[in-house]
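Listed next as structure tokens is one chain, alone, in the form predicted on its own.
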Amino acid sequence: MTTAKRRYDKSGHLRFGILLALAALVATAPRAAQTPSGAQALQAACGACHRPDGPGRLARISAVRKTPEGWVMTIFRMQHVHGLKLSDAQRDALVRYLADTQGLAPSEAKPARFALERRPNVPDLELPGNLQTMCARCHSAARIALQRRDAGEWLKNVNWHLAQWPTIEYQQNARDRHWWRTASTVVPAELGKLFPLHTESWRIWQHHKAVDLGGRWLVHGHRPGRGDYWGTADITRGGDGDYRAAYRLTDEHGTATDGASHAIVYTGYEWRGTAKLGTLDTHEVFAASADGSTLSGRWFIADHPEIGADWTAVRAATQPQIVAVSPDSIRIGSRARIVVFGSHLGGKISFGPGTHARLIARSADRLEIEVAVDSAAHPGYRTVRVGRASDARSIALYDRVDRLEVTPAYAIARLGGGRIDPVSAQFDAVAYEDIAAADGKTRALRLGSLPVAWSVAPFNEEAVRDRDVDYAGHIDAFGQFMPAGAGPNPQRKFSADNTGNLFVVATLKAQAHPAASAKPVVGKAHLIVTVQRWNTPPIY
């Protein structure tokens, strides 16, 4: 049985090998300052093949709007298929210019941001009418939704697909219908209505003045399987227009991590950074709010985007503010150490009725507080207050844990082997107490992540017979499933591959139960372990 190549960092956490150059193009730190202007680079690189069709316009190119990742994919295709020769400086200038002048407004990109943030195992968008079967059988609907064209340009895109893949009609099992009639008439019209080139959102955004994101920021987030983190980001803008950031982060286990980032902001709000967080090489895909007060999104390991964390940053205020409270819940009748993160925190501390708070430690942006909850307290949310701090947060008081929800509920992992690294699957477990309300309905009290034990089990009888649990891979204490190496495996029937069909099982640990005799609480998710992935574009 072959095994995937693996490396481990100094903390013993799994790391991965090969950096995919295509996916890194849009996030790689820019190079020399002597970069040609975007308009000059566009004319020099593209003008030989794309004729002018108006002042400052080039045929086809000027009829499309895309995200930075979309323009990276277009440029790569021109290099790979049409032999376009570009220096790194030309490529960087092209992506910047096209994303700034022919990008997407924040409201246009928002529904499909999960694809830009490389969030794994997220359900795709559902396209109406014929579009789901005609377009989203081969790639994600999000990939379509992250570009804009009029109906005529969408028709040219359909023609290009047929020229590039002449067997597309057969691949879609479409011989039982008038496939080309639909593809050449109905589909472009529907796409032109859903994703048009000219929109009011884009017209307004083109006149939006970009906000300088430099300054001090307060950061918090959650890494699935590993918990919450918080800290600071000091962001500065250089003379080249790029941003540098210095991070000081701490997770809920007390581990401190410093980091540094180099980023470009496209289209006035699309932050794309390359960062070093401790020993991890990461990419950042964030979106700035229109007023420049928040940065939110996701960071992920550079060569394995399925492993990452949510990220939210708010500008440090001059007045008291609460940014995050961790953990999310306290069991009734117990004591817990709670971190309140923010700025200018001082004054009376309150966690609401039935609680008693005692300050343990204080720093410039963090309070550590011991909170005791009366045994007679009622379950529910409580507002956390510190003096006059704004943006009050809530915490849940719970009596018991009724259920665990494992996320994602359905996931795919991919085998590794040879030059191809495995694609792991990361799971998280969120606890809930179900409270009967006065109106007879049940209200879900979200408790956040509690200590769980992870395991896998066969999904069905076939998985039992084929011993998928033994061969498909293993799950670690943090909920990360690592697939096995690709086969053929002589230990399996017919020397089959190491694919599998599994349940991922989270079992609440004893310390999270209100009593030692409590019945174990279990949550499950469905995991398919399948074959290797050979092509990983920035947008699937």
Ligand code: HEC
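Worth saying up front: this structure is predicted, and the values here are computed from it rather than measured. From 1 onward, residues are counted along the sequence shown.
What comes next is about the form predicted in complex with the named molecule, which does not appear here.
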Option from 301-309, 68-76, 247-255, 219-227 whose residues, in the predicted bound form, bring a heavy atom within 4.5 Å of the named molecule: 68-76
Close approach of residue 161 to the named molecule in the predicted bound form, 4.5 Å, heavy atom: yes
4.5 Å heavy atom contact, residue 147 and the named molecule in the predicted bound form: yes
4.5 Å heavy atom contact, residue 42 to the named molecule in the predicted bound form: yes
4.5 angstroms heavy atom contact with the named molecule in the predicted bound form for residue 381: no
Among the candidates 323, 105, 280, 94, the residue which, in the predicted bound form, approaches the named molecule to within 4.5 Å (heavy atoms): 94
Residue (of 143, 414, 118, 331) lying close to the named molecule in the predicted bound form, criterion heavy atoms within 4.5 Å: 143
Triplet 50, 138 and 154 all within 4.5 Å of the named molecule in the predicted bound form via a heavy atom: yes
Heavy atom contacts to the named molecule in the predicted bound form at 4.5 Å, residues of 165-182 in sequence order: 165, 168, 171, 179
In the predicted bound form, shift in Cα separation for residue 173 relative to residue 412, 3 Å or more: closer
